[in-house]
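The chain that follows stands alone, in the form predicted on its own, written as structure tokens.
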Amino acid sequence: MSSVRPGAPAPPPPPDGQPEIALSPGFVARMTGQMRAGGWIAPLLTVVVAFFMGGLVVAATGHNPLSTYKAIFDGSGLQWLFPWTSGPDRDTAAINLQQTLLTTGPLILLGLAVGYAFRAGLFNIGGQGQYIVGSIAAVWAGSSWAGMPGWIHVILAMVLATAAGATWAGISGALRAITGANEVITTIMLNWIAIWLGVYLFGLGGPLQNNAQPDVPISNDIVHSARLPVFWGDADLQGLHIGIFVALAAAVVYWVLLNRSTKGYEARAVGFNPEAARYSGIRVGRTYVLVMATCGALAGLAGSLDVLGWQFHIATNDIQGTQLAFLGIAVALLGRNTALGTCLAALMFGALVNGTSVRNLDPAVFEPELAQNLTTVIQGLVVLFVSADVLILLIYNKLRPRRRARGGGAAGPAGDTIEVVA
């Protein structure tokens, strides 16, 4: 059976053998709102399914998934948040949590760098290169001008790193605006250029190689005046620095920019429909450049937090081996490109990265080398399942208790109906 509003034209009959599916406007509006406005149902189900599948992988190796996840949780230090954690356990949890938050800060910025591009209909897969050039600018500025006052030196190094990342990503935005080049291709190419640029600069005989160690492919150390102040923990043991507040402030700015500014409105309009945005007077090409430059600025700032906060130098193997920026893609997808969601997703992945590290995970429960691969597996599952959020939400609504509507249709809250007619 099918229901048609009085006075409305009758819909065309479905092809033979295919059912007619009628979605009420209320159901469609709620579904669209949940998928586009950052609904919490799909991300939550995504995390549950990803961890469940990861648990199957753990079980296949002959280990207990529950014990493994508990050991990872303990290694992340998140139990410090519970009041019943006390004594030596609390001290250990505090140190582990500091390490988790050290990773969370850059992940927030890298997730925002991907999320803002998504909102404009772009795919910024170049966070790796933008992060690297930001790190290069930060280590150069931080190892120079030793007599400069502390706060000025820190701010200058962060500004230069931000500008370097913005310039690097702006190249891709300009190519998209001028030639129509796909930003996925150009950002991937720029990633490799940034990697080998860093290898050249800090390699043996490179322009920025360490002056005191000519046989080591590493940069000069950051001078103390350019290091971010530590407010929790021991500065000599990588205590938590103020970069986490910089990342949270950037998330607030991101929310304001995206939801309360003209540039954010233009970015979202271009993301929904570039041609309609152009017809309404928005300069689409300029928007592409500004959006990519903003994304690069966030990724470059993330690089400066790591260099000025705890690394204090860059080696060529660091440049070639870092994968943190690619994790930002999963953070943005799981966070639904929203400020709050990105912060929570960054905390989850930061906890996974540090909870599975060799120094934090109890090898008697699960081998840390395998657990680090487990983090990658969960990351891939999150990307896979987030991209299938329509299916997840349909399953969720199908399994919800429904009351039968008069006439035989299945009804949800507020009279939403789904009718399938053979």
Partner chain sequence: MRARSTRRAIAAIGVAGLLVAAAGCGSNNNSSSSSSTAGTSAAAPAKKAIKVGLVTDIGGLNDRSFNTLANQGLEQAKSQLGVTGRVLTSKSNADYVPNLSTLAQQKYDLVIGVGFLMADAMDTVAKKFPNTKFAIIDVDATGLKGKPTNVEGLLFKEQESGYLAGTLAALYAKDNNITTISSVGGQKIPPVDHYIAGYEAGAKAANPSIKTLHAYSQDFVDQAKCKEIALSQIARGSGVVFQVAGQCGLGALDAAKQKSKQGIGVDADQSYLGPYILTSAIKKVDTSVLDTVKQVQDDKYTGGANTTFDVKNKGAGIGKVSAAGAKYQPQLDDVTAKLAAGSITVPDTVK
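Just so we're on the same page, rigid core means the largest C-alpha set that superposes within 1.5 Å between forms. Residue numbers count along the first chain shown, from 1. Everything numeric in this text was worked out from a predicted model, so none of it was measured.
Note that the form predicted in complex with the partner chain isn't included here; everything after this is about it.
Partner contacts here mean any heavy atom within 4.5 Å of the partner chain in the predicted bound form, and among 216-224, 178-186, 338-346, 139-147 they occur only in 216-224. Although the partner is absent here, residue 317 lies within 4.5 Å of the partner chain in the predicted bound form, judged by heavy atoms. The partner chain is not shown here, and in the predicted bound form it never comes within 4.5 Å of any heavy atom of residue 167. Residue contact with the partner chain in the predicted bound form: residue 99 places a heavy atom within 4.5 Å of it. At the 4.5 Å threshold, heavy atoms of residue 313 reach the partner chain in the predicted bound form. Proximity to the partner chain in the predicted bound form, defined as a heavy atom within 4.5 Å, singles out one entry of 230, 289, 125, 324, which is 324. Think of it this way: in the predicted bound form, the partner chain has a heavy atom of just one of 251, 195, 78, 171 within 4.5 Å, and the residue is 195. For the stretch 219-240, the set of residues having any non-hydrogen atom within 4.5 angstroms of the partner chain in the predicted bound form comprises 221, 234, 236, 237, 238, in sequence order. In the core-superposed comparison between the shown form and the other one, residue 358 has its Cα shifted by at least 2 Å.
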